Structure formats: structure tokens, C-alpha cells
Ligand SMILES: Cc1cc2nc3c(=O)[nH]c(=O)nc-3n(C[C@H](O)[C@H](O)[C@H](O)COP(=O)(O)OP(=O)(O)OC[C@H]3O[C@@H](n4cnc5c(N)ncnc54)[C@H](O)[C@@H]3O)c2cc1C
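To begin, one chain is listed below as C-alpha cells, in the form predicted on its own.
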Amino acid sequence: MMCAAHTGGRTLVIDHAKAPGEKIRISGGGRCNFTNLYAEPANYLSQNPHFCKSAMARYTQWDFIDLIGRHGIAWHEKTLGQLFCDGSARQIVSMLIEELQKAGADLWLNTSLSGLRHADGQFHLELDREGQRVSLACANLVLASGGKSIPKMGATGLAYDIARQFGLRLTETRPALVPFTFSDERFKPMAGVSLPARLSNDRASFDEALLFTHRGLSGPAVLQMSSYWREGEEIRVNLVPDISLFELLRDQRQTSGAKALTTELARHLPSRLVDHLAPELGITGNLADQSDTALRQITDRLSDWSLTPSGTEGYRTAEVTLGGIDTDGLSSKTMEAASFPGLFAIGEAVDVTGWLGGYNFQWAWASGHAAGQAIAQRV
């Protein structure tokens, strides 16, 4: 829809869903985290980290904020520069529909692709539109169907299939921004417990909320880390990133030494978490019974807890797909395939994956704008 709003000519958006922008509608708890104040290329993963720079420089978060302002959509900032609608995510969908219609574009819903070929300088499509067979041809074809994430909403690998058909390479695709799972359900008793934490490995570190679930770990810090994790790797968890727990407990020992160590730890950590970790960390006895060495050992474990997930929840709940159409085969300025003029790829279908917090929407707006402008220059 963003691309169609900028093509400046006859454009048709084809969507097999019953309603447009369904991922927009469900995002941000129904209020759409539509961009991030701090969006920049460093917040994106790609085999070519420079690829996204051109499009993002020419359509920034401030451009999108200006657009929603012109449509009277009120918004607010949450944490870490994340921007949300005051009202409903449906306002963003309505805005995009209005923009594409104003540009003279059409939107066909309940329409699926049943055949595609290229001949005589045009793409020839066979469509199934609400049970009717429709044939059409176009000079430019834009792959904007996203990745494999959340298949229950209709996500498929269609963009990847078409890319392969026309000789474009793909990078490895994986679920990203997704919860971790553990085969032994070790955290099931703590399901629902959350706290601020720092998750890290050799490639990244994130300070955000951690949530224990029946199957493993979730929350913003976990979703962020999942994009930088591979099977078999460990992650390091700091459960007390913002305090000097050793010094606090040592001070408490002077005034509350007769109290149980678990009780005193629960002043700084959720009590259910303390009770769960007590056997593993050897947390027993009163605070006064603990030497400096014993306290140091316990607090060091709490600030450097090593865990190895067995996997993730997969595409079923992943917010995005990591990897996709190889950027080496695309123009960073226009999103057009270098080896197949007239074929474009934008958004999540491309090997550009943003952090959690509005970054992936900003890439959608920027790459859609880039492709739309390139097509407009040909009309």
C-alpha cells in the first residue's frame, strides 16, 4: 500500500486476505507501533548492513510522522522511542488505503495468484479473484508479501517462490523476534513472572523486560536476542542489571541479618523467581550466615546466568522473518532486481530485519517509498 501510494500511475495491489493490513491491525496490541524515533541502519540485520541506508535516508521516521499528522492521527511515545497510535491501528490502515486511492491505485482483496510468467517485456498474471479467473499484465511487479511469520494470518513464502522463479538468490530464513523454548519446561512454575533483565551473547546485548512462560522465555529482551541467536548457543542473563546486588545484600546483613536470605533477595527480585532459583544457587539460611564470598558467588550467578534454549516458538509466533531475498541482487536505491528489470522486492521479503519496536514498519515505509518513486519515474 505504501509503494502504491507513490507510483504515480496505474497500480494494482493484490492481497489474498479478506481485509487489508492485517499485520498492522494486530500490531502493538491493536495500536500499531508504526515507527521508532531512533530508527537508523544500525538497528537492522542483513548480510549487507549498508543496503538499507539509501532508502531510509530518503524516507525517515520523521516523514512518516508528518504523514500521519496530515491525517490527524494522534500518537504517543512509549519506551525506547517506540511510537503508537493513541486510538487504533486501523487508523494507519485507513490512511494507507486513502493514500493509495488518492494516487489512483486499486486494491483487490480475496485475490490469489495462480500463475505467473514473463513474456514480451511484461509480467503475465493469472489470478483467482473471489472465485473468478482473471488475467492481466503489468510492466512492473513488486514483491511485498512479507515473510513466513504468523502463518495463521495468511503469511506464506510466496515472495521467495517468485524470487527463485526469476533467478534471484535467497539468504537463509529464520523466525525472529520470537520467544525461546526449553525442552524440560523448567520455567513452567514461573509462568507470568517478569522483570527487567539484560540478555547478551557474543554479538548483541539488550536491556528490556524478561517474561517467563510455560514453555520458556519471552518479553522484549528475549525477542530482541532471538534475532542474534542460533541453535545450540547459550545466552547470558543478568537478572539484576541496574543494581549492585552484592553491596545491597552486604548492607542488609547489618540490619536484617536474622531474616532468611530468600526473603532479603525477594526485596530485589520476584519472590517466585527467588524460590525457583534457590536450590540451583544454594540459597539457604539467614542472611547473617552468609560470608562475603558466599554472597559474591550468589550475586555473580544472578548477574551472569547461563542458559541454552532448545529452540524457539517458530514462525507461529515470530513477529518477523530473518533473511529473505538477497540484497546483492537488488538496487539499494530502487529495490529493483539488477538481473530482471521491472521486478522489485520490498519490506520483510528482503534480507533486512529490524529490531523490535517499530523498526520493521519503518523499513516497510522506506522501501515501499523507494520502489514507488522508481516506478513513478517510468510512468
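Everything quoted here is computed from the prediction, not taken from an experiment. Residue numbers run from 1 along the displayed sequence.
Not on display, but discussed next: the form predicted in complex with the named molecule.
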Using a 4.5 Å heavy atom cut-off, which stretch among 22-30, 47-55, 326-334, 306-314 contacts the named molecule in the model of the complex?
-> 22-30
Taking His16, Val320 and Gly358 together, does each of them reach the named molecule in the model of the complex with some heavy atom inside 4.5 Å?
-> yes
In the model of the complex, the residue from Met225, Ala144, Leu287, Ala105 with a non-hydrogen atom within 4.5 Å of the named molecule is Ala144
Answer key: of Pro270, Gly81, Gly154, Gly219, within 4.5 Å of the named molecule in the model of the complex (heavy atoms) is Gly154
Taking the shortest heavy atom distance, is Ala370 within 4.5 Å of the named molecule in the model of the complex?
-> no
Spell out, yes or no, whether the shortest heavy atom distance between Leu245 and the named molecule in the model of the complex is within 4.5 Å.
-> no
Counting only non-hydrogen atoms and a 4.5 angstroms cut-off, does Thr111 reach the named molecule in the model of the complex?
-> yes
Check whether Ala260 has any heavy atom within 4.5 Å of a heavy atom of the named molecule in the model of the complex, and answer yes or no.
-> no
